[in-house]
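There is one chain below, alone, in structure tokens, taken in the form predicted on its own.
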């Protein structure tokens, strides 16, 4: 590539990033359940000198043991990691935490690889019941040599029932019960599940990827205090941090296995700018987490009620639509009523500056961070209905309204 061409590509890249920041940061309402807004301070840490730094554990010749870092100059990265781990442990009521996993999926590996032996058996909620695809037979279980059996979730809210779960665990006698859903509206009957699992010697691994931010605010459930052995997940959904993962447990024996298996098996580097930004997010939630989590759930319920009143078929209406940051469109009912599937609906809304995903989830975490409250939900519902179901051009109206929210609450 010639210097002139390289310079042109740099200008194009600079333009694309600037346009993205303007579009996503000032001109749309993001209702994606898997995303959130990172605070200004956390974003500053992401672009700090930490972004290019690295550590490498090595065994020093003649000393017979592995030291923490084979590189010098890590005094501050070590302290940053200790601070972030401590904040995670406090927030999620554990004694041991690691912020090293690079994603929620990597955090799942960090728990499964050392704790469930190859050839072991797990039970997990299947994708057709709202479960995470990664736990389906052809994915993580196939990679790790596991047999996976379904843990049933039923009803319009993909709810796990205590009696069904206990019966499944008693029959299957797994090494681990994995609780994790991509479509998650309501808490699990965790005490009953943990009692049944521990009765057969199984661990309870709680994938909190979607609900970590709500758990941090005390609004969803308290997994470790309710019987889970390990809690892990991603840090950028209801938890408003950077892309990444974390893992927390109250058990020293499990943490020693997890921590010992991370390096050279699941990962080798941890991205210290991300850990600093995550630490900042966790410290923010220690101050404002309860108010944030209450607002998110209240917005979900208010938006659900407003959408249903405007004719949008949603799952779990009789149960209040949601106790999380998600609402779920009933795709079959919407197609029968309007001839429209969630995917085309999402593309139509995207053109009007309203972002939902193509599988019918509507999330309230980021708009809560912007400052929207339940009293604004009928207006937001009206825009979704007009722009999505009726095909009206509401984009200019959305952009004007979005321009009123320039900062972030709960940060």
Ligand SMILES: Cc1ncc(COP(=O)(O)O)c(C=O)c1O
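On a predicted model such as this, the values are computed, not experimentally measured, just so you know. Positions refer to the first chain, counted from 1.
Just so you know, the form predicted together with the named molecule exists too; it's not on screen, but the next bit is about it.
- The putative spot formed by 299, 325 and 373 is not touched by the named molecule in the model of the complex; no residue has a non-hydrogen atom within 4.5 angstroms of it.
- Not displayed here, the named molecule is kept clear of residue 272 by more than 4.5 Å at the level of heavy atoms in the model of the complex.
- Taking the partner from the other structure, the named molecule in the model of the complex has a heavy atom within 4.5 Å of a heavy atom of residue 132.
- Among heavy atoms of residue 105, some come within 4.5 Å of the named molecule in the model of the complex.
- Contact check for residue 210: a heavy atom falls within 4.5 Å of the named molecule in the model of the complex.
- This chain appears without its partner; in the model of the complex, the one residue of 98, 221, 182, 295 with a heavy atom within 4.5 Å of the named molecule is 182.
- You can rule out all but one of 275-283, 233-241, 327-335, 167-175: in the model of the complex, only 233-241 has residues with a heavy atom within 4.5 Å of the named molecule.
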